[in-house]
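One protein chain, two forms: both are listed below as structure tokens, the first as structure 1 and the second as structure 2.
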Structure 1
């Protein structure tokens, strides 16, 4: 799913010359600036070095790209599956649907586990968002939800979608409490919200959007703490690095790129461009040294952060439908992928082979998450159900 990104143009007084004109909303060093087009032109030309022209900059960028490729190639001395040849092959795999959760009246678009490992939150298209607790569903008062996330404390849930916002709902045990009244709007983007995630606490939320940016927000004040620019199209997914002190996250977008970001500086520190289509899902390897991605090009790929390159591709000629969602088992040995052909493929991460194919859903698998304790995983589908597999 990929809509056009658009550049917001406003009309008002220019920050520089104070004339009221159509303004360009641009970012300089992560600060938003509203200059009229004439002032933007002057500013850009002032910054140019003595011999810098568009042509020289383009040549330099080509040279740098080539250099980057060469540096990466030099270290490509082996393939992951070759190194993993001596690893014991996995035995027979028995995974079945243990629970089917029905009740959503529409396509399930996303879900998340609570840290207590027994509750999950899920959302669907059109119908209000539901919160499942011990299999009792509680309806949340928002619609068109494309992303949802549980707060680490389990006391709140964040969700958002076509309303371009991310809102936080505190959860209570009182079924009669009016949840709509307690809603807090935290994030504001200029296009749909594709993914959201709490950081290590209930206090900050990271969001990604169809407007091509990711952003970090303070939940209490709704203030934008940091914004992340670099994708050239809709950002579809994000995942936070697992370590407690980790300050990075990875995002994937319609520009086929997966970017790794430093949360404090807003800087993109690494970028990977080997997928051939939109990246729908990214997930860190449990050690934090690598991440997997799933794409519309029907492949899942593993990227190692320290080798700075793709190290494995999980694909088969018979698999031609896009991957919507990926997640690792606790040890990182298994990679689960939910596909648009209604199946879930289980891959041996090290050997690169498929271990199992799981049938059951009657429409696209749209979301898939392994539980925090690794005993099961949950898949959500356009067939209106959620399935728990173990």
Structure 2
């Protein structure tokens, strides 16, 4: 995801043996406990049969996983590009930079569109901006503001990063108003905040973190409504399903997994593990029946939730740099990918071919989002700028 690695180790008394050691933050029945590694191993061995060991149970789980993959492969009768052979190829189209937004003094890390399609919030290594000719700038207490999001109403923005918090700022028309004075700290993780997204209202926000968890919070009270545990490493990205498809979201992380979650139960309902490196970005297909992911393994991949498997890989031998961000066109026919080699690749989702490559940024493309009406998309880069493409 970036050139820096962040590691947080908690020292303190173990909740089981009371000895002061490095602690592992684990959850049992959604209740957080802090155990040392020895107590975690002892707890894992409780309830084992006379001939059972952790090794045999692990072997059994791998065998069951292999059988599931074999059964899934039996239903794999054709590739997506084979089915789409008779689909008419895309004609010539021209996408170019229509506007360059300058104002950040450092690397742009994240951005989001307001639903009015006219305003953008972006965050950088120093501070977040709200763009409409640069309306507001807020200085954060941490140097890396890695996540930002617009509220559905357009009346607030959320952001966070290395401060481990998600803060919500109410917005006003007064450009001289001190937004920092109205800041409300909503979420608190035990490691950096990597992504945040409001649900269908301003009252709830979903966050992901380097502590390996995602969480749903009440904005007004700051109360934790639901926590999501299933990743074994940093969670780097998340995306909410389109509202009409239900209460689910997808997350991706450093464990190379993309997990689909039920927001009501807190359970992981689907998991995909075909990437070979960190998953930096996930985005739902407009219909909600599939999602795309972008990874440091230099590929974008499409996963069909109904088929419960990967259906397409978007890559070329000449592409060796990681994918930092992905998003679909409004129709779902195009997939935009921002890459660490300063380019944006445009893929034909059905045929699996690259139809365009966009140049303009002078450093890695860190974030990319299509506008709500689908007429343009915005990209942010480590070259300190954002670009509007159409």
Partner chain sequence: MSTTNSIAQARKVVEQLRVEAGIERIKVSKAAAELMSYCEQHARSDPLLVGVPTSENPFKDKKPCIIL
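Residue numbers count along the first chain shown, from 1. As the structure is a prediction and not an experimental result, all values here were calculated from the model. Here, rigid core means the biggest group of C-alpha atoms that superpose within 1.5 Å across both forms.
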Practice problem: Choose the one of the two that is the form predicted alone. | Solution: 2
Quiz item: If you line up the core, does residue 362 shift 2 angstroms or more at its C-alpha between structure 1 and structure 2?
Solution: no
Quiz item: Core-aligned, does residue 19 move its Cα 2 Å or more between structure 1 and structure 2?
Solution: yes
Self-check item: Did residue 330 shift 2 Å or more between structure 1 and structure 2, C-alpha, core superposed
Solution: no
Self-check item: Distance moved by the residue 38 C-alpha between structure 1 and structure 2 (core-aligned, Å)
Solution: 10.2
Exercise. State the core-superposed CA shift for residue 58 between structure 1 and structure 2, in Å to one decimal.
Key: 2.5
